[in-house]
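One chain comes next, on its own, written as structure tokens: the form predicted alone.
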Amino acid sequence: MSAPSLASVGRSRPRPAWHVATVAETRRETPTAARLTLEVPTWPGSEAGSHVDVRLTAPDGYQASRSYSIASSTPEGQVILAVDEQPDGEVSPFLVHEVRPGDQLELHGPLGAFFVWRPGESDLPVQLVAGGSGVVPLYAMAAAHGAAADAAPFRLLYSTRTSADVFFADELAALTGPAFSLDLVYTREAPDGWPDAVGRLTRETLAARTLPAARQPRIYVCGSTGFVETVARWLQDLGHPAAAIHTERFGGL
């Protein structure tokens, strides 16, 4: 994926529309999540951080739709989703356990203009803060940053239950380097020899593992409503202006 292609997507701002997607590949992402690669011939492209509505229709005509972040930023033709199962949900259990290559899904998108990152738009550093599956759109940003060889420094603080619950573990490890750093917080169980305490993200850890306000980072926070509201409040307490903090809450089923 080239930087010019990504930039052109940002300039054109494709209008949301309904599309028919064909499942090209499914794979287990975590014990409770699946990664879906969808071929969408009419897909106009999407920016890193965008989301899409997925609609399912039952044989009796009943429909259910939920929003999911897109785990990629592509010029055209393809959408990658990483869906975490909500046990009581109407859509996510089907996407995680039942969908197979060749199946067709209805998508509405691309959606979202506020919670996106565009290569070349700013030289300011970027701080990403993820809780659980909230890492999906932030991974898309990190991947777009790496693909474009963008000069803005990137840092991701990722709170996850265990090492098995890390989304895009191999891809994030491959991105790590001078321009991208990854900080993991394990809330339930850490790998053997992990130097830090296991437990929920704290204000002190947030302060120690994120870019300071003096560097004027652009900040993107995604996770559950409680996680996002708490982190956003802590960031403001640490001196970051509210205008610099972009938030996205997940709750799709």
Partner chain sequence: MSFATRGFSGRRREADTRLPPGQTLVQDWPVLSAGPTPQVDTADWELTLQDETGADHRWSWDELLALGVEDITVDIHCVTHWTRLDMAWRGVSLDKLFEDVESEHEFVMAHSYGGYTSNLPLEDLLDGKAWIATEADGAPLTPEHGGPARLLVPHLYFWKSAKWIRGLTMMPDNDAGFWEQYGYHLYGDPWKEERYW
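Owing to the predicted nature of the structure, the values given are computational and were not obtained by experimental measurement. Numbering follows the first chain given and starts at 1.
Although not depicted, the form predicted in complex with its partner chain is the subject of the following passage.
Shown alone here, Leu156 lies farther than 4.5 Å from its partner chain in the model of the complex, counting heavy atoms only. Its partner chain in the model of the complex comes within 4.5 Å of a heavy atom belonging to Pro59.
In the model of the complex, its partner chain sits within 4.5 Å of a heavy atom belonging to Gln104. Put simply, Glu90 is close to its partner chain in the model of the complex: some heavy atom of it is within 4.5 Å. Highlighted residues Tyr186, Ala208 and Asp237: none comes within 4.5 Å of its partner chain in the model of the complex, counting any heavy atom. Only one of the listed residues (Glu98, Asp123, Glu76, Glu171) places a non-hydrogen atom within 4.5 angstroms of its partner chain in the model of the complex, and that residue is Glu98. For the options Arg200, Arg203, Arg55, Arg215, the residue carrying a heavy atom within 4.5 angstroms of its partner chain in the model of the complex is Arg55. Contacts with its partner chain in the model of the complex, taken as any heavy atom within 4.5 Å, map within 16-44 to Trp18, His19, Val20.
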